[in-house]
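Starting off, we have a lone chain in the form predicted on its own, written out as structure tokens.
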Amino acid sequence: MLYGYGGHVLRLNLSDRSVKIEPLSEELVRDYVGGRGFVAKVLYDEVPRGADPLGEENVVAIAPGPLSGTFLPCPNKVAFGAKSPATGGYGDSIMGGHFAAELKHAGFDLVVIKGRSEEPCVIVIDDDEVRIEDGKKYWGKGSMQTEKMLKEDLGEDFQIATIGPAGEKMVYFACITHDFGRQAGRTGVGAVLGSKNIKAIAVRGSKGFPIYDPEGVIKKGQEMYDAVFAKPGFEKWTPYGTADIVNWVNEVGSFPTKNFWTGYYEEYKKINGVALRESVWTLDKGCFACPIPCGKYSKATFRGKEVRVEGPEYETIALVGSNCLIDDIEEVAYANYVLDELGLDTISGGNVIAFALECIEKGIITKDQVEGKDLKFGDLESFVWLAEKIAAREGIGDLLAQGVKTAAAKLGQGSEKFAIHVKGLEVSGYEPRYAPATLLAYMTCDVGAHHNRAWAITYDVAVGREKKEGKAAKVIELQHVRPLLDCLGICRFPWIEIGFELDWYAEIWPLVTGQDKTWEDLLKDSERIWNLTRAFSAREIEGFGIDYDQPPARFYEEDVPTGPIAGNRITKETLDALLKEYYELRGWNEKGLPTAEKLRELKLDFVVEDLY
């Protein structure tokens, strides 16, 4: 018996409308843990080499983890993965809320979706009953509007993931939305659902799943909750959630401002956690079994329309607020709502719009290309107009819908230098020009420039921003620990934000699963998965490697112009040296690819044949 798992794999082929339920493989459990580990193995095995990310051959894989759906603190993460339209390589995105637990309680550890429906559809998973239903009535509707309609049609007890108009139009950074504000935002997974004509996935589960030592889990779980509540940072965290870090990030000069032109925003107090709490906040919201609710429901009014939205959280405040020079928290909240309803990732969305505004400011995008509009930084009307054009893929929006890498390549005129991305994925909300570990983490992240895999800014500040020694090793350490939590299906915020010790997860693992793996064994599994996702991108992208691990020129050619670290930057020579050290420590060659020796060490012999 596979303790900690629902025990089943659900396979759907939308082209022939077939539905199959299979037993979960013990080998998959042994080597890939769950969550993004399952997703990585499925994509490597089942996406044909050279498949169009938005074509019928691409595969969508969805997986909670072995800790998902338990009643431990924050067991609420699920991975959505596919070949990424944003990068052309491996893509996944992690989502909180209640979807993971519901899927697990329906008995499924993995859902694999292939083919393409001829008409818009909704996938309904009701325990063992799985249906592919007509979705035409929901097509064209907003993400949250669709969720509301489906709850009215199916029942409030269904947990629902949807796409918005941007996903339907296959915008490269379209996201998946759930629970009226939780997103699988990065890498364009929403566009892949749209390419398959999937408007939504609805899940209801009423089953249990086996636990190796139920009494031990109850006892240890209560101790874990008690430990969370006892942490010094617990009470400070809840009022503001992730918005609490705005002040600190700005004070250390890493708050992205005006398309990452600088890292300091003078108006930061107008959009920080205090401003959110005092101006737009209405209630706190947590995911499944969460004792530290980071979600902040807000209300905002614009154009005479009042909206409710979960957020804005830190990344949205950074990329939509300071990065676009929007200095009013209510306007940031409204912009957050617009992006959520359209189904656009707020990180990439804020980046793409900031890039467009800089191109307009520099005359690279002409007034004729924006229909004579006077678009500028700091103007919510400009932001909303561009967002709506992108989601509809109309006019200049069709170009911007392909992300900043493609847009810059087509616009030219030097715009490539300030197209803020790595591998085609726009950069998260930390200005890294004088933070070597942070920038290296962006450069080497398997899905593109995303903080999820290795949030290193605190380490840079703690040990000295000018220091280079040990930073490559630290990035690798973080890239094993943080994604491992995504494999387990548990949120990292207790660890990251309030100092909850990782030892707890090592202790709970055998009680849930009965497996005798140590924490070090699990970290080795995480390293295996990291190398597999790297190999996927190497297989799919010609010339992939060191040339794709490069940041935008702004980060090494331009000094930070304002704020506490003004006049500083990392040189290209330093970046090259850090990247070389990183490859050596990883056991990769000078091109940035895992060596055959490293792959065999990690039991990835089947990859050797593909790469060598």
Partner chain sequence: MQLVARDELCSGCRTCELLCALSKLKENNYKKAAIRIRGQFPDPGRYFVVVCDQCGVCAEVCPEGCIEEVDGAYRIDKERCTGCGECVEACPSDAMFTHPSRTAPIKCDACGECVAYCSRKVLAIQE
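Predicted model, so just to flag it, every value in this text is computed and none were measured. Residue numbers count along the first chain shown, from 1.
What follows is about the form predicted together with its partner chain, which we do not show.
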Legend entry - D503, E278, E520, D226 - the one with a heavy atom within 4.5 Å of its partner chain in the model of the complex: D226
Inset, instruction - Work out which of E542, D368, E156, E119 lies within 4.5 Å of its partner chain in the model of the complex, going by heavy atoms. - result: E156
Inset, instruction - Report whether the minimum heavy atom distance between N58 and its partner chain in the model of the complex is within 4.5 Å. - result: no
Legend entry - 4.5 angstroms heavy atom contact with its partner chain in the model of the complex for G69: yes
Legend entry - Touches its partner chain in the model of the complex: G205 (any heavy atom, 4.5 Å): yes
Inset, instruction - Report yes if any heavy atom of K474 sits within 4.5 Å of a heavy atom of its partner chain in the model of the complex; otherwise report no. - result: no
Inset, instruction - Using a 4.5 Å heavy atom cut-off, indicate which stretch of 350-358, 263-271, 431-439, 100-108 touches its partner chain in the model of the complex. - result: 100-108
Legend entry - Stretch 286-321: residues contacting its partner chain in the model of the complex, 4.5 Å heavy atom cut-off: G286, C287, F288, A289, C290, P291, P293, Y297, R308
